[in-house]
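The chain that follows stands alone, in the form predicted on its own, written as structure tokens.
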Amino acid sequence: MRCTFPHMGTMYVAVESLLEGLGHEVIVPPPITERTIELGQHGAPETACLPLKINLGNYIEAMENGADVILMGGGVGPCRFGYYAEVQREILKDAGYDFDMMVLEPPKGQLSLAWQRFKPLLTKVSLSETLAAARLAWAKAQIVDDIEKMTHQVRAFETVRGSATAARSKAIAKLRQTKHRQNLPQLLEEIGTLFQQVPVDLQRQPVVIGLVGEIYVMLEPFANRQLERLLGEMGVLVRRSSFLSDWLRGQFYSLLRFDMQKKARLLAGPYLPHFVGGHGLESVADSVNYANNRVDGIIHVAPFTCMPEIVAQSILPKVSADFDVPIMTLVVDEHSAEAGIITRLEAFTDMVKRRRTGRA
């Protein structure tokens, strides 16, 4: 099998490591570009959200490079993500592509069902090799999140624009090249050194803005038009509500039927007392959590037409009023331009800075 999968931020680092450890040839899709979106939107329904179109473009570009098996996640509940795999399969088949698609859906505690879904991936290596591959991939998922957090922290204080982003790129490249778990402690030291070498001005007092919203457009920089980089280079200390390891942990815990939404339901309860699919409940809960922790502002990011986030968007003005914290919703689709987003971000951050100054 020559396996591929869709991009979602730095997820490819962990997934590539896992599949290689399981003995498969891995075709990582090329970095997302405008061509990726053009390819994806050609056969996609016009009202489909941006992640579906980017996914399709990822598959097509990966198949151009020789991939013949697509791994795709599934979902449950009132979110169209649960239909993605089947819709994408039919679009690609109608376009004449020859491939197999493996849909890895949350089994909701049915261990035998989970085994049937994952079994085709586990036939080339021993149990010990499978466990070693899983442990390395999980460690890499946690480290890429550490890299993201270090980037957020350092970027707000950097004196040479782009230096934190360059350190991030080097750190991820080093992590991707690491093939053995015992080498990770030394790698962590090297990564720490990379960020320590970024020139910073620690006298700054940056405003703090929390990011909430739909998981894909939060994690995928191309989908949100480099939102975190743009904010950081404006001198904003970014706090993101969810990371790759959080999402993976949630998928694993769903297998064991652990309740991962208890805290979210408690925080969101006064505003949204029930599950609405996707990450709509989390968007409200994370906004309440950030407001309680006195961030200077909150940006809610969502794909155009995303139903759970439309529900959250309608509720967030009430959260903003109750906690006296500015909240801006940023809706993205294939027509979103970086210039327009920069204008909105500059206006929002200027307003947040003025509010802080007025309170000082």
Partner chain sequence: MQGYLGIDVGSVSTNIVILSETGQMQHNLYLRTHGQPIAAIQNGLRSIMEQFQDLEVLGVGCTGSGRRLTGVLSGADLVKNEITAHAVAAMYCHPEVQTVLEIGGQDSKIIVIRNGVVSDFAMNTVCAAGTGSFLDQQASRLGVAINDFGGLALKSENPVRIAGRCTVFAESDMIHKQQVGHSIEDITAGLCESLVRNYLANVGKGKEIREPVLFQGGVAANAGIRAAFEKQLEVKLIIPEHFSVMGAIGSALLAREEMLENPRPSSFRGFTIADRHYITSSFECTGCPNMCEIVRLTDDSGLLANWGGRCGKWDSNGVVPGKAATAAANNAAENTYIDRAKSLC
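Residue numbers count along the first chain shown, from 1. These figures come from a predicted structure and were not determined experimentally.
Below, we turn to the form predicted in complex with the partner chain, even though it does not appear here.
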property	result
Stretch in contact in the model of the complex with the partner chain, which is absent here, among 135-143, 166-174, 180-188, 283-291 (heavy atoms within 4.5 Å)	166-174
One residue of 80, 239, 225, 89 in contact with the partner chain, assessed in the model of the complex (non-hydrogen atom, 4.5 angstroms)	225
Any non-hydrogen atom of residue 346 within 4.5 angstroms of the partner chain in the model of the complex	yes
Residue 249, heavy atom within 4.5 angstroms of the partner chain in the model of the complex	no
In the model of the complex, residue 315 touching the partner chain (heavy atom, 4.5 Å)	no
Close approach of residue 270 to the partner chain in the model of the complex, 4.5 Å, heavy atom	no
In the model of the complex, residues of 147-162 near the partner chain [heavy atom within 4.5 Å]	160, 161, 162
